[in-house]
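Starting off, we have a lone chain in the form predicted alone, written out as structure tokens.
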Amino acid sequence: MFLELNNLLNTTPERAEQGKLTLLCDAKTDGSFLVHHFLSFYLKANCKVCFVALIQSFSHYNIVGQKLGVNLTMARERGQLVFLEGLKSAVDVFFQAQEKPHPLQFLREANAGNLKPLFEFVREALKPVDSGEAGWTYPVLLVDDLSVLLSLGLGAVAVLDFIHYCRATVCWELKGNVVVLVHDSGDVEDEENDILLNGLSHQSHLILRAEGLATGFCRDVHGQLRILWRRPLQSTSQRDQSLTYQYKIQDRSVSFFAKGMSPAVL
């Protein structure tokens, strides 16, 4: 995890809020560093993590995780991490006989739209453990990334329904957290992606939006991060709070600074 990002969010693994939906969004840049942060953050918080990884392999996340101080292989072996590797599982759906519905069963269906097997996978992975097993602080669902489901033929409404049921189970019933990444298509007209992004934005308690620089590539500033805290139950004046920082990604950390305050230009 990135300590500077924890400081900006005013949180630590020992005192993280529960029952929250966090939306990660990237536009004209790669926001995967946010996924790696929250994965290592919740593993260090001793949470039971269900990671639906649709964009990269397990080895990729494990290599980055080791740089951030967590070992995904050990976490999976001790039952703390349940990892669904979408790239590998997609092949299994087509070429291996399944005794029961596969989490990505919709890939074989003529009318893609049924994410119930994927939800059942998440619910089974995060259900409370028996008293004789190791206890985790609370469950967490992490998805990287939801936009892939749209590319595979699912509609935005089906994906939003999936997240609704996940929130009902993980956030409300089990008092855990949900973290999802969605790409912002930006200038490209993509109605389904816009519906998904807007729908999740209204439901989220915290939105982290990584954006590329309007001026283009810069060696010392890789982008800017908009942080929006949403408090739906508060009065209008206290409901939303936002901050914007620029950042530079390094090998094992990310540096954040106010606009125009990069060490390279001071």
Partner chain sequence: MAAVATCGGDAGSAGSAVATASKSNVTSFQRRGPRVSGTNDSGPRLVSITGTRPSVRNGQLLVSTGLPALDQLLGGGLAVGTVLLIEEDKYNIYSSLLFKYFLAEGIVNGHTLLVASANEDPANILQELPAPLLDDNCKKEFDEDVYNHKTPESNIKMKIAWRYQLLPKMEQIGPVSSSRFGHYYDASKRIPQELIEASKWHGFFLPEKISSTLKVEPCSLTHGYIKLLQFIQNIICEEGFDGSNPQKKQKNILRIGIQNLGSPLWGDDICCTENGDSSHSLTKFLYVLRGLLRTSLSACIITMPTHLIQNKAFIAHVTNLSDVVVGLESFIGSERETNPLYKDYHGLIHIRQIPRLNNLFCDESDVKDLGFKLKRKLFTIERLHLPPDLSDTVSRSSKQDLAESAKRLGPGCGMMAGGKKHLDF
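Positions refer to the first chain, counted from 1. Keep in mind that this is a model prediction, so the values were computed, not measured.
The same protein also has a form predicted in complex with the partner chain, omitted here; what follows describes it.
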{"property": "Heavy atom of residue 240 within 4.5 Å of the partner chain in the model of the complex", "result": "no"}
{"property": "4.5 Å heavy atom contact, residue 101 and the partner chain in the model of the complex", "result": "no"}
{"property": "Residue 79, heavy atom within 4.5 angstroms of the partner chain in the model of the complex", "result": "no"}
{"property": "Non-hydrogen atom contact residue 151 with the partner chain in the model of the complex at 4.5 angstroms", "result": "yes"}
{"property": "Output flag, 87, 219 and 250 jointly within 4.5 Å of the partner chain in the model of the complex, heavy atom basis", "result": "yes"}
{"property": "Contacts with the partner chain in the model of the complex - residues in 155-184 whose heavy atoms fall within 4.5 Å", "result": "183"}
